[in-house]
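A single chain comes next, written as structure tokens; it is the form predicted alone.
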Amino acid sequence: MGKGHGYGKVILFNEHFVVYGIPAIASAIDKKTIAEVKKCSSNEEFILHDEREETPGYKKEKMEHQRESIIRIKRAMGIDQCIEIWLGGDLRAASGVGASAASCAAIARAIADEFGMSCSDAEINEFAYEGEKAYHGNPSGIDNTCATFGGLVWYEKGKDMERMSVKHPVEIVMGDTGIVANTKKAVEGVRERKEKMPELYEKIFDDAKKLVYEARDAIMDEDWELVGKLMNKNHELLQKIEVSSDELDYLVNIAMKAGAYGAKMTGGGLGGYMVALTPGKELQEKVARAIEETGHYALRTKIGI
């Protein structure tokens, strides 16, 4: 039986903007999806046992995307035999945490293992990107890059990713709105509004580009107070392009009131997760509990691992 893994992720800066060639910063987190694959003799394309913990309704909502994704991965890898797949691990299946990309990378690795294919991480990343197209239409590539390689990433679409590193991994909290988001719809909405209001969007996109270079320097300096302030500004830009939501804004405000250095939506938006920067275990726990007291799920993790 073949086995593979894919990391969850958090986008710290510039989701959506990255689709248009503006740099983004993202990090793998210390939660991952594990896939196991074995050959089978059925006439079906595949048999799936999805045992991941989930935001209620996520797996059902994403079922058709998931089916297309697995078929895309198989075809990209030249596999025409039925496979049986088990999905598990400690990454909760939800919007905004790279769950689809983590599963794509894990499945691709497990297929390669089961069929004795000698695939580099770069090749696994390409297969995972093919799978991501089923979920996102025109994916930026940042999710599958984090899922495959791990670590802290500076990413520009169409270019080789650049690894970033910090000496001291830092705590974050990710709060789940409980809303299963449609990333494809969010991406298409930005494109439509950008075409209708080009001058307004050009200004917003220019601001996002300037901000991410400042954020890169702040992260490398481990100036977490400045990183937090820039996360707040990035959230405002994402609000302006209408990919946040009342639920995301609510959790962002809860985190800030509890003392987070900064907070913003993360991922496709319109639901899913937000992220709060909470250096130190004590602050992380305080912010996580504040989110949990509202009845929402809080994920305690780190970036820069």
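Throughout, we count residues from 1 along the sequence that is shown. Bear in mind that the values here come from a model prediction, so they are computed numbers and not experimental data.
The discussion below concerns the form predicted together with a small molecule, not included here.
- When contacts are judged by a 4.5 Å heavy atom cut-off, Ile73 does not count as touching the small molecule in the model of the complex.
- Though the partner is left out of this view, Val19 does reach within 4.5 Å of the small molecule in the model of the complex, counting heavy atoms only.
- For the chain shown alone, Ser140 is a contact residue for the small molecule in the model of the complex, at least one non-hydrogen atom being within 4.5 angstroms.
- Put simply, His235 is far from the small molecule in the model of the complex: not one heavy atom of it is within 4.5 Å.
- The stretch that touches the small molecule in the model of the complex, counting heavy atoms within 4.5 Å, is 263 to 271, out of 263 to 271, 244 to 252, 31 to 39, 46 to 54.
- Between the options Val97, Ile107, Ile172, Ala147, the residue in contact with the small molecule in the model of the complex by a heavy atom within 4.5 angstroms is Val97.
- Here is the short version: of Ile83, Val187, Ala208, Leu230, the single residue with a heavy atom within 4.5 Å of the small molecule in the model of the complex is Val187.
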